[in-house]
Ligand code: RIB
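Have a look below at one chain only, the form predicted on its own, in structure tokens format.
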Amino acid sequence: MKKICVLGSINIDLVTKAIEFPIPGETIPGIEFNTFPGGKGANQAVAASKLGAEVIFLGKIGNDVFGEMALSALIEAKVDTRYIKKEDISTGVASITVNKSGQNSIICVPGANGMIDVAYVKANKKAIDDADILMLQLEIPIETVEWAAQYAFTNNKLVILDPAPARKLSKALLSNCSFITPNETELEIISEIKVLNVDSLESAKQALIQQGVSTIVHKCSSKGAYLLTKDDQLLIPGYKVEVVDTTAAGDSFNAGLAVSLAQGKGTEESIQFANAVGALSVTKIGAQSAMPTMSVVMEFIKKNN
């Protein structure tokens, strides 16, 4: 299997379960509280490692107990953490509220993630050199993401960008991505087109193709995911499961996609595998703790196909 490098955020997730989300000024009783290691970068690294990939991580933690907690979780998941740097600032924190339907609302404080600059990546670019696939997200400074994508793509690495949290992206970044994996909100913000049906989806796709994207994998929750290329618009169906917590769904999906591609599988098969990984991740509360192993995913696919 090819090696994966993940450049991204490391957070600690403070998760509160409640029946409904509070409205501004309202205090409501919670049902349960838990602390989990998280961050989109760390989540994707752990998910890929749990699926059997060799994963190396580029990122930063703070000089606090949360940083030690997050680092320990990565080490326990067998992620290569040798390049992670500690800064004299707080570790990134995500305050997450989950309602009775499993939907979530999140407030992120970047902390050390905001200090992942281009100089740090340049100093540790060997991590990218030694990998075959680079996974990126948008919880670190955008100029760092842009530089890393260009460096990796120019050096013939497969670059997978999860464009979350949603924001407008430059043509320079999009043209240096092998795959981009937006959900509905992210696709609309990046393309500046409201996606209401297959025709508007086609328009959004063409807008991204014109900016240099070659392959778009449009995540559609339980519906599955669309494979969008210059000539194709193909829906690859998802799996129906009982939803407990959607916090890690997108990160798990991206890890599943990367791992399957690292195994040399085709794009359609890799998306089907990613759908299964994402579906399994929402059946448990938390992020990294909810991510499945390869054996669990293969058994799930066997039973549901």
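Note that residue numbering begins at 1 and tracks the sequence as displayed. As the structure is a computational prediction, the values presented were derived from the model and not from experiment.
Form predicted in complex with the named molecule: not shown, discussed below.
Within this chain, A287 lines the site of the named molecule in the model of the complex, having a heavy atom no more than 4.5 Å away. Heavy atoms of T247 reach within 4.5 Å of the named molecule in the model of the complex, making it an interface residue. Of the heavy atoms in A94, some are within 4.5 Å of the named molecule in the model of the complex. The named molecule is not drawn, but in the model of the complex it has no heavy atom within 4.5 Å of S281. Proximity to the named molecule in the model of the complex, taken as a non-hydrogen atom within 4.5 angstroms, holds for one residue of V159, C108, A73, I128, which is C108. Contact with the named molecule in the model of the complex, judged as any non-hydrogen atom within 4.5 angstroms, is confined among 39-47, 266-274, 234-242, 54-62 to 39-47. Applying a 4.5 Å heavy atom cutoff to the named molecule in the model of the complex picks out N11, D13 from 1-27, in order along the sequence.
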